[in-house]
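Just one chain is shown here, as C-alpha cells, and it is the form predicted alone.
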Amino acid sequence: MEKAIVIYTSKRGSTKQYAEWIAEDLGCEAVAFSDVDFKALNLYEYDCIVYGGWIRGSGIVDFDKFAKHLDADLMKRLIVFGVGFADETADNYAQVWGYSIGKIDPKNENGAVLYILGGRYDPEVVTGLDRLLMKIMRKVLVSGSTKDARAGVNKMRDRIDNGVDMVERGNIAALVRDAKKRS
C-alpha cells in the first residue's frame, strides 16, 4: 500500500477500535473525524481512504458531513464501514447503503465499498437521547414483528435489553484486503 488514511467517528469506542486495527494493518494513521482539518488535509494524497462510523437507525453517523469533502475521484478510493449490533443481512446492508453512500452515489458509479462490522452495545452506559431512541426502537421492533420475523426480533430485543459485544479483529480482514488492492 502506498498511502492510506482511516478517518472515523466513534461514540463509545467500537468504531475507534476498528479504525485503529485497520490503520495498524494498513500501516497508516487513524484520525478522528472531529480532529480532521479538511482545509489542511489533502485527500488526493491517499490511494485508499477509509471512513468508519457507528450506525444509528440505518445511517452512518457523520458520513454526510464527511461526504461533502468527496468528489468522483475520491469516491473511487473510498471504503466505508459502519459499526452496529444488528446482524449483517441483505436488508440491513441495503438500508445502511441507502442512507450513506447511496445518497451521494446512488448507482455506485464510482465503486465505493461498504462494510458493516459487528459492534458493542452496553445498555448500562447509554444515556439521554440514545437511551430514549433504543427504547423506541425496541417498541417498534416488537410491535411490527410477524411470525416469520420473530426470531430476529427476539435476538435484537435481547441485544437491546442485555447488551452485546461483537467487536472482533477478524471482522476487518476482508476490508483490509480490499484496501490493499486499492493501491
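Numbering starts at 1 and runs along the sequence shown. All values derive from a computational prediction rather than experimental measurement.
In what follows, reference is made to the form predicted in complex with a small molecule, a form of this protein that is not presented.
Here the chain stands alone, but in the model of the complex its contact with the small molecule, taken as any heavy atom within 4.5 Å, falls in 120 to 128 among 64 to 72, 40 to 48, 120 to 128, 22 to 30. Residue M134 is the only one of L114, V153, M134, V36 with a heavy atom lying within 4.5 Å of the small molecule in the model of the complex. Taking the partner from elsewhere, A86 is found to have a heavy atom lying within 4.5 Å of the small molecule in the model of the complex. The small molecule is not shown here, and in the model of the complex it never comes within 4.5 Å of any heavy atom of R169. Although the partner is absent from this view, R157 stays clear of the small molecule in the model of the complex, with no non-hydrogen atom inside 4.5 angstroms. When the small molecule is considered in the model of the complex, R138 lies well away from it, no heavy atom lying within 4.5 Å.
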